[in-house]
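The data below hold one chain only, encoded as structure tokens and taken in the form predicted on its own.
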Amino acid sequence: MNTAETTVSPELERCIQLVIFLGSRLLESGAESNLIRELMLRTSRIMGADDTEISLSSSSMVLTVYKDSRWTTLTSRCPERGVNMNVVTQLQQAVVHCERGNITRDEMEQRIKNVSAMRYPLWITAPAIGLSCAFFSLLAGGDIPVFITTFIAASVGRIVFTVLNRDRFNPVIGSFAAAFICTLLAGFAMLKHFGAEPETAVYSAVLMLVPGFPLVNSFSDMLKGFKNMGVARLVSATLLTLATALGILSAMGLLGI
């Protein structure tokens, strides 16, 4: 991050640093653009700014604050860290509690800076996602063997996806690899005729890779006037969907199904 002004008052610096930190964490966590802008403006007012202008892009933001008869601009890169509504909720609650007088401005600042991303361990999330996909296979007409196949394929696929993302691989690569592994495992069951409708496991196991949240946010952004952000998020979600489709087709081609 870097400022346009070389010398600013301590209060102004404190204000812009806190607001840009809040906005960066919201953008990195997948919050919709309207919520990001609203919380940044409200935090800026709490910190005593006279006026605030915000410009958002898919991986960065520009904040301009007017305080003490001076305009000061700060820019920040915001690398994507995956959707995390727990972070978004904690940040929103800190601002709301301060506005209502439940906490002081200093306490709000500490809460914002100390927000931690709560993540469930992989040994919980992988089986949970596997079960959700497996139950969908039952709804789609599968039987118990298909249920078991879908559970195993989706769980292993989730492990692959999480490990690749944890190691900072491009999410497109993660989606492709997870879809490939899911389809490969479910495809073996299809080749062996494991269950009444084994093909159900093939498309049920990859449901976890559908980028539903980014797609919803992209349309929400476009409808609320953030067209650039909406288009950028739509392109990102489309790439993830395309990578998933290619992973499925590659595995099916390898197995000859």
Partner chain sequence: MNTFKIITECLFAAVPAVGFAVAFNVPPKYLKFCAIGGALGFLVRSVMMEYGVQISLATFTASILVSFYAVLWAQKSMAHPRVISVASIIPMIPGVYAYKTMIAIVELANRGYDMAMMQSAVENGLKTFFILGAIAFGLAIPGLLIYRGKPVV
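Positions refer to the first chain, counted from 1. Remember, it's a predicted structure, so these values are computed and weren't measured experimentally.
Heads up, the form predicted in complex with the partner chain isn't pictured, but that's what we're talking about next.
The stretch among 105 to 113, 68 to 76, 137 to 145, 164 to 172 whose residues place heavy atoms within 4.5 Å of the partner chain in the predicted complex is 137 to 145.
Scanning Ala232, Ala49, Ile54, Met208 against the partner chain in the predicted complex with a 4.5 Å heavy atom cut-off leaves one residue, Met208.
For the chain shown alone, Leu223 is a contact residue for the partner chain in the predicted complex, at least one non-hydrogen atom being within 4.5 angstroms.
Although the partner is absent from this view, Ile248 contacts the partner chain in the predicted complex, with a non-hydrogen atom inside 4.5 angstroms. In the predicted complex, the partner chain stays beyond 4.5 Å of every heavy atom belonging to Ser44. In the predicted complex, none of the heavy atoms of Leu191 sits within 4.5 Å of a heavy atom of the partner chain. For the stretch 80 to 116, the set of residues having any non-hydrogen atom within 4.5 angstroms of the partner chain in the predicted complex comprises Val83, Asn84, Met85, Asn86, Thr89, Gln92, Gln93, Val96, His97, Arg100, in sequence order.
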